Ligand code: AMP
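Next up is one chain by itself, shown in structure tokens, the form predicted on its own.
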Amino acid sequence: MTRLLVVRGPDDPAIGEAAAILAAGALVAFPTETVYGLGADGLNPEAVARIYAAKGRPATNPLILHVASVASAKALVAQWPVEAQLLAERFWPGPLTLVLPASAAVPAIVRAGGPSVALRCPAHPVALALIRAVGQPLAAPSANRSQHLSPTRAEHVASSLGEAVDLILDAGPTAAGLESTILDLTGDRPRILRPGPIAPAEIAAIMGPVDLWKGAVMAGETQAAPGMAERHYAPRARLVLVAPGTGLSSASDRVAYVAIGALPPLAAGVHGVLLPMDAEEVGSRLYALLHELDDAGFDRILMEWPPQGEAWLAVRDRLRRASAKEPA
């Protein structure tokens, strides 16, 4: 049985215990401000390999290294451009991941064999305290099986990974609820590879125009950063996206209908859920809601497409990937 320790804050003795487990090459799930991460010593290839095995994660999908300071990040890159410095000063600690040319210190398994490394400094006191206690960057993707729903609570981690993780630090639900924005600084022009809580306009205000990558990496292809696969973040139930106000007049299976702003007419027996017309709140609640509907045993989840616009980019991205068909 995987142990779960409730953590009251950055001075909790549980952090020292978790740091010792990580230093020994084992796995610890811990909270960040976005989702719970599955952590390992990011400079220990054998420990990082345990992350891939626990998640069933393809070797073509690189990991984010979590650091506690800019100084730690600089030791992991071949170049630290002025843009990275400005962005770190503005958004770190916080939900912004920077992709930069990797230094020789970063193991190939972390980079999925590529030339770059993804770095971020999390804005959660427990995460920062744990990184400092270990004294090494922590490789930490979301603490769930690959392609499945990300965890925003400790119990989501236990349900998804079970005994594959050695210890879970429980500090309650995460705040942002969606994974970090990933910004690629390795090209001629900055490019967002995964939208998240930090919006393109916020980044552009620091460094000028930024591109938004809108594609999908197919199975077997190497990704430049996490979150680029065609199918990702998926609940067990079949997720179907519908136009706002579509409603449902009949259903032969167990169906939940998730509306944004107003709940349309629904057939008897269809479970209706109403979310507010608020992108930040929907983002913070999305994964927890999908976990709840999965646990309730629904066969299908019909969810209305969120509005267009920059505020909804991250939510639309996660829903698009979560509703993609499974590879044949």
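Start at 1 and count along the sequence shown; that's the residue number. Since we're looking at a predicted model, the values are computed, not measured.
The following text describes the form predicted together with this ligand, which does not appear among the structures shown.
Among residues of the shown chain, Leu63 is one whose heavy atoms approach this ligand to within 4.5 Å in the predicted bound form.
Although the partner is absent here, Thr152 sits far enough away that none of its heavy atoms falls within 4.5 Å of this ligand in the predicted bound form.
When this ligand is considered in the predicted bound form, Pro226 lines it closely, a heavy atom lying within 4.5 Å.
Proximity of Thr174 to this ligand in the predicted bound form falls outside the 4.5 Å heavy atom cutoff. For the three residues Thr32, Ala127 and Ser160, a heavy atom within 4.5 Å of this ligand turns up in the predicted bound form in no case. Of the stretches 179-187, 128-136, 250-258, 79-87, only 179-187 has residues with a heavy atom within 4.5 Å of this ligand in the predicted bound form. This chain is displayed alone, yet in the predicted bound form one of Val165, Leu239, Ile203, Val99 has a heavy atom within 4.5 Å of this ligand; that residue is Val99. Comment: this ligand is not present in this chain, but in the predicted bound form one of Leu193, Leu169, Cys121, Ile198 has a heavy atom within 4.5 Å of it, namely Leu193. Heavy atoms closer than or equal to 4.5 Å to this ligand in the predicted bound form belong, across 140-164, to the residues Ala140, Pro141, Ser142, ordered by sequence position.
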